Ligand SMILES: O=C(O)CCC(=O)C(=O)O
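Consider the single chain below, provided in structure tokens and representing the form predicted alone.
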């Protein structure tokens, strides 16, 4: 894996950069196998067992998006392969060097499997920070392709430069009976992404490539083409400028939002979010 100044510059300017060959074929194979084990456990009607922990022990869950779309959340602590990847792979260093963070902590994971041409498997336009209970610029998502992603394989789409927005958008996933300063209507986000002159980037990838996505970057994905299959393993991270700052529109995180160690305005505590990489 090579991280160069071009990755840092593109991430800062556009809100997304691709790191080719970030993870070798052995990591790709091991992660795919762990994902299938997690998926198989859910198929039995019982969530997979927790086998360890790095960061908050959020309960694993499975969600279906259209016919053929599956999202697995919080599987990191259910398989030793995931935990080994977190500790031993270059993931944390990649995040730190591109974002400029002095230290990096893991937050959560989500795996996206798209296996059909159903429009319901497409990911709608959004950005991540709108529902985050943290504040800070160093909260990226690391999106790892575990299958080749061509134009028909549900590639990720980003609105270049949207990482420079200085506000949040009022997500439809948040409470709608509350209005807070600093939030813009969700319709404005959708209008920006679908405007005729929108600077949309289409991110194809090879298995093992990674995209680092700024938390403010507006992004989406296409549905997979007929007979195609796309698997992406994503993780979210917290850098050294991040502090705990929930409000009435941020998501409630089970086991975290009410934890006495989470202090508004303070960085995440080491006991819950151990540092995985330092500059």
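Since we're looking at a predicted model, the values are computed, not measured. Numbering follows the first chain given and starts at 1.
Just so it is clear, the following notes concern the form predicted together with the ligand, a form of the same protein that is not shown.
With the ligand left out of view, the stretch that reaches within 4.5 Å of it through heavy atoms in the predicted bound form is, among 43-51, 247-255, 228-236, 30-38, 228-236. Checked against the ligand in the predicted bound form, the residues 106, 82, 169, 112 give one hit for a heavy atom within 4.5 Å, which is 112. This chain is drawn without the ligand; in the predicted bound form, the residue among 135, 89, 123, 131 with a heavy atom within 4.5 Å of it is 123. Using a 4.5 angstroms threshold between heavy atoms, residue 189 stays clear of the ligand in the predicted bound form.
Put simply, residue 156 is close to the ligand in the predicted bound form: some heavy atom of it is within 4.5 Å. In the predicted bound form, 219, 221 are the residues of 187-222 with at least one heavy atom within 4.5 Å of the ligand, listed from first to last.
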